[in-house]
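Have a look below at one chain only, the form predicted alone, in structure tokens format.
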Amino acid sequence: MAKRIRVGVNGFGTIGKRVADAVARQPDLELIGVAKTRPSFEAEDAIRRGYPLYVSGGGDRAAFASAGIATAGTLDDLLSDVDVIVDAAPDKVGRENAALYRAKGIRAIFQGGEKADVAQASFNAMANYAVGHDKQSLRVVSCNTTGLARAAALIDRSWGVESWDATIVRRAADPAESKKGPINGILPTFQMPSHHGPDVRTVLQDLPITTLAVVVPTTLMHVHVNRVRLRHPPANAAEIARTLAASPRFRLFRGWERVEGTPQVMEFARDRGLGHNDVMENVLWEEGIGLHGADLHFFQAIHQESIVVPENVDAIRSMFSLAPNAEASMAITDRALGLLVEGKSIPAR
């Protein structure tokens, strides 16, 4: 068997712990360790999972020791033993870490909370898998951008996109957060258009997309309200639903499943039991897809805590040319994560 790529994860919070779990399950990757700045229940959980724990940033190993949490060294030690680091630090901290990675000659993958210029390219497996080949740094785009880019790549390949207008109904906070709001209110985002459209174009440069956003008092998921003018519309909405349902990383709920909205989606996730109650796919409803002439309307829901996780794995594979194309990489990733449904395939480019 070929040597596995050695991976470190800097940050073990919402995204980092999920990426670490995903990397540990891949047949061609090896998780060397994870890094945190301060002791916490998540640091303790890393030890329980058998992940060597390193101290990052301005962290103090003595603080971990006093909490009874063993550490394997500092972030510098971790970087000396990996081929690539996945930076899952809080927003804007990744940019500060980038200089360290460059100085050590370590390849790095950043998250969508950083500006696009933190890395050589922005990445989404379905949209631009090949962009990562031989890159020193990649940025996996944000949760909302990931969901839009996946859908746009699939729809554009299938029917062509003349224009795309989306309203992002954003969750106010993640479930574990207690310092964000609103608690009671719907807040328009007065950046018009919102940043999501330009961010999608960092991976799909020619996509004619415009976005707006509002924030609502929920922690469960984001919802996108999409109106797409198709260049070559199919005969009916059922064809669109079949295409989406047949694609990896899309989950289409049918009417009889009685999934009315995001609460039932998350209950489905709890029952499915992939870990952390995650939904790594774009979620759509068969009844939420409409076609009126060339105008496609559809809703999709995005689980902000987990949708980018498989993309981080594919970004590593692209960077090191471990798989020849997106289809091959996604199949390996999704099988290891329990997402693969036999019979699903990506339409030809």
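This is a predicted model, so every value here is computed, not measured. Numbers follow the displayed sequence, beginning with 1.
What follows is about the form predicted together with nicotinamide-adenine-dinucleotide (NAD), which we do not show.
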item	value
Partner-facing stretch of 187 to 195, 147 to 155, 227 to 235, 92 to 100, counted where any non-hydrogen atom is within 4.5 angstroms of nicotinamide-adenine-dinucleotide (NAD) in the model of the complex	92 to 100
Interface residue in the model of the complex among 165, 81, 174, 239, criterion: non-hydrogen atom within 4.5 angstroms of nicotinamide-adenine-dinucleotide (NAD)	174
Distance check, residue 108 to nicotinamide-adenine-dinucleotide (NAD) in the model of the complex, heavy atom within 4.5 Å	no
Heavy atom of residue 37 within 4.5 Å of nicotinamide-adenine-dinucleotide (NAD) in the model of the complex	yes
Non-hydrogen atom contact residue 333 with nicotinamide-adenine-dinucleotide (NAD) in the model of the complex at 4.5 angstroms	no
Close approach of residue 15 to nicotinamide-adenine-dinucleotide (NAD) in the model of the complex, 4.5 Å, heavy atom	yes
Contacts with nicotinamide-adenine-dinucleotide (NAD) in the model of the complex, stretch 211 to 229 (heavy atom within 4.5 Å)	none
